[in-house]
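We've got the same protein chain twice here, in two forms, each standing alone as structure tokens: structure 1 and structure 2.
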Structure 1
Amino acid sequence: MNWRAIIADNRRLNMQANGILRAHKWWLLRRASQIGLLGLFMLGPMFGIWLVRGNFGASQILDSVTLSDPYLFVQSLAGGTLIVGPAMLGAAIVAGFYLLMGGRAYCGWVCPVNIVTDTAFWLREKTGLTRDRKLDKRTRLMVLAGTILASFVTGTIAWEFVNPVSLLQRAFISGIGLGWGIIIAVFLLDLFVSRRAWCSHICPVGAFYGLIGRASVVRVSAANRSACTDCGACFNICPEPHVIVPALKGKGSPVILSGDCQNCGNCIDSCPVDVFRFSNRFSMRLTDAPDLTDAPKTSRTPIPERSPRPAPPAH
């Protein structure tokens, strides 16, 4: 079997154009970030190297700075406890960080469940599973509101009783026992039931960070959108394809402004003509195409002509 068979279909065009590394640049960086962060938290319990303590719920960095999850803080508040002390400041620091770096950068760059669901998505493609029960993207906002309601009703941090996100990171740091069942359920849901079901439709953690992301600074820009060949690779690989449309096909700002965008860089990795780049939400800059300085690079292999795709998947 040719080893190239494992490469995601949507990265192939860019792989032909710019090589395998460029087609996986941000993907590699994200996986390094996700696995590296988890590894950092495992160093203490496993090897006694205490650079960081705690877990993603709250942590202490180098025995000085306390960080804490703002979504937990909000649920705690709904549950009747105002968390004061280090965790309150820690939640503010984390919220501020994501306000700068992109709210759902949490999903793309930190959350370990993202690896599980991305794997399910990849396996869908490789096995030809196309069954897709359409879910409403707003489901997650309702789940988010539901978790706040449940926290209020029970006086607890309610989502923590099921949250696969905190379960999975804790699985590696301290163990979760039967909690693995929930992780497997998420994987199977994404594989068999619905495309990108968990991260893009249901998860309230993502929905929460998506709200922060509505105002966040670091964003992907389709600055070079005039070069777009309508190959559709970015739409097909993007976990939230609807966010691309206004930036790529609109007449206004080329920046992807939707809070749903994870800043994952999949669009940058998949694009054979370098339409996308990391930028900030205020940048209106457009690259004039065709950019001649890029020409030798992008034409390493001629890009196969493709009939323009009529419309992006509608969801």
Structure 2
Amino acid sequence: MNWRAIIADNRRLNMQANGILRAHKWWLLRRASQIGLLGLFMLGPMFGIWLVRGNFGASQILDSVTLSDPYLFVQSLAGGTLIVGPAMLGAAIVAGFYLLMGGRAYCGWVCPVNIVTDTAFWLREKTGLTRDRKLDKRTRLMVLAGTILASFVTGTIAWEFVNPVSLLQRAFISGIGLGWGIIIAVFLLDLFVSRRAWCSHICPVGAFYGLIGRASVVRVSAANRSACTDCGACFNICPEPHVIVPALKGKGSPVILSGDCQNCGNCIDSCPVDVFRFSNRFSMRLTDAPDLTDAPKTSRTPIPERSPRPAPPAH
């Protein structure tokens, strides 16, 4: 089997220009982060090594530092439970971290379900599946509001009953249960129904952290946007492609300021001319494009765009 056949099509141009490691740098770091964090939670139940207790919603590090998901904290308040002390401080620490690093960095760097949805997207690309039912991105905000309302009505942390992240962790521990069914459903949804359906359109956790991410400091910048060749790789690989347009094609700041950006680095990995880089929300600096007139030619095939649907015949 030709190993190159498994490379995502949207990384091929950068792989040709800069090598396979450059085309997967941030992808490899994200996978190490996601698998490593899940592994820390699994060490205790599976091997008795309790470096971390709890789950992604609420945890304690080395039996001393308490961390809490601010989304769960909001649901607790809605349900009539005021969390004080270490748990409140833990929620503030987590919120402050994502306010610095990017709210939806949780989606790209922490959430293990992201591995499932990215795999479904890769498989769509490799099998040529084109079905893409358009979903309204505001759906996730409505689901977010619905979970908070449900917590208010029931007096519980409603989302935890169906949260795929928590269910996935329990499924790894028990080996069976509803968790695997939910994860398979998310995978099939992204594979057969709509591109990036779960993370980009439905998940309320991403919606919540997207609100925090609107003010985050660490950002991706299209600082070298004058070098753009319009190959389309960054748009095709980005889980939220609408966030790229103002920075790459606009006349103002080159910084991607949308709270929807996951700071995942996919655009950096896919770009063969180094348009993108990590920066901060206060950076307005543009990098002059290098003179490529004398550079050796590389065989780069632009990624084709979808053809528009023909207009219906007039009656």
Partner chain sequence: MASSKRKMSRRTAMTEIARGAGAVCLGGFSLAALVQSTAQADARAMRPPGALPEDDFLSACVRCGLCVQACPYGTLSLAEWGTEAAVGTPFFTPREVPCYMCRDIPCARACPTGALDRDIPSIRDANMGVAVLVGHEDCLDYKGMNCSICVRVCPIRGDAITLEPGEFNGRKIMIPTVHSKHCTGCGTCEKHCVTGHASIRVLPRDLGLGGDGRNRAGRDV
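The model shown is predicted, which means the values in this text are computed figures rather than measured ones. One-based numbering along structure 1's sequence throughout. Under this definition, the rigid core comprises the largest set of C-alpha atoms superposing within 1.5 Å between the forms.
- The chain appears twice here, and it is structure 2 that represents the form predicted on its own.
- Once both forms are fitted on their rigid core, the CA atom of residue 250 lies less than 2 Å apart between structure 1 and structure 2.
- After superposing the rigid core, the C-alpha of residue 50 moves by 2 Å or more between structure 1 and structure 2.
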